[in-house]
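Encoded as structure tokens, the following chain is the form predicted on its own, with no partner shown.
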């Protein structure tokens, strides 16, 4: 679907008019294109003294990706700043005056109390003024943990508020996101590197103001061009609700990344389902996901046709919006049945197969929604189910861990689909602009997040919900 306003204010007469009238000018976002550079310019790597070892390790990896990395390691905040200054500052690394940074990576893993953050944070203002359109800011810090001392907890939690606030300040399609290292997961953990690459890339165009937590995990990981370009090569993925919209985009993106895709949808959507399956070179399975044996049938189809099952994406969902004062049983029960009960039953069948030793390393990605996080007027039924998806994802992750698997969720905000195209004009425009990027996302933005979480590269990321909402102004 097209956001006509965004296109209008970014070229020709529309651009001139918008500038003169001071109208909002949402940027045309940088999205993935095969063969395009990972970033739009060199990377500035910033760290305080205590975080320098992790920063150096990340710098070496990014250079291995072909990126031009400039290091800026600053004095610890324990070194007293000269009187009358705001904190320790050092000159920015020498670079041509016209040089713009494609990304800024800020390593804060060594924080022990809030005052420590000043060293790295106060090295950023000049660099941020030179962040290129479509650029990226990524923080790498340590996740809060039970038992943290008060000062340590304050410092680690502080990164959350800092990053989310910074994301709201960026312009021209630039985004800011964070990576949290939990337990023994370090800067060189395979999933840390995978998360960093994803957040630096154009694949994260509509992910803004969000965090990914990396936990220790054993993962088969080969850092090679083949792995990065085809991380799902040789794997079989199932996508429900694949006939159109976000589901079709997910199927196409998984196939692009190397997966063989089983496309699932209801018989009534058979024509669209066949079209998607043909487009991705996969197979089609006409199936109502609310059927009691849906899980068994999905597993049987994948095995019989493709010999294995590695990824299941729960995308099928419906809307039956109504104010609760006017809600009836049909609207409530149908939404619950499709959006959450069906996922639970399918997962139960998959877990039973894993217990029998028939599935190993299964990755499940479920579609939640920002409505399940912040709520939405007229969507008590939908919000209930999408919050339920977030809940069962956390619980399922723990059960799959024993079998080398993982479960995560993706929570889209306003995405340009046939469904949102039917929203009346004024509320549709308000919903589009109510995020830091001032526009709706595209189905491919959701698909890119799903593909990343479905990948073995994300083995240390589990039990999480990643928002794909352009940092929607409701919720977190």
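Being a predicted model, the structure only gives us computed values, none of them experimental. Positions refer to the first chain, counted from 1.
One more form of this protein, predicted in complex with a small molecule, exists but is not displayed; see below.
Q) Among 106, 312, 243, 119, which has any heavy atom within 4.5 Å of the small molecule in the predicted bound form? A) Checking each option against the small molecule in the predicted bound form, the one that comes within 4.5 Å is 243.
Q. Which of 282, 135, 178, 317 has a heavy atom within 4.5 Å of the small molecule in the predicted bound form?
A. Only one option qualifies, and that one is 317.
Q. Of 136-144, 352-360, 195-203, 382-390, which is the one stretch near the small molecule in the predicted bound form, taking non-hydrogen atoms within 4.5 angstroms as near?
A. Flagged stretch: 382-390.
Q. Is residue 127 close enough to the small molecule in the predicted bound form to count, meaning some heavy atom within 4.5 Å?
A. Looking in the predicted bound form, residue contacts with the small molecule do not include residue 127, since no heavy atom lies within 4.5 Å.
Q | residue 417 within 4.5 Å of the small molecule in the predicted bound form, heavy atoms | A | Because a heavy atom of residue 417 falls inside 4.5 Å of the small molecule in the predicted bound form, the answer is yes.
Q: Indicate whether residue 287 is a 4.5 Å heavy atom neighbour of the small molecule in the predicted bound form.
A: Residue 287: yes, in contact with the small molecule in the predicted bound form.
(Q) Using a 4.5 angstroms cut-off on non-hydrogen atoms, would residue 367 count as touching the small molecule in the predicted bound form? (A) Residue-level check for residue 367: yes, a contact with the small molecule.
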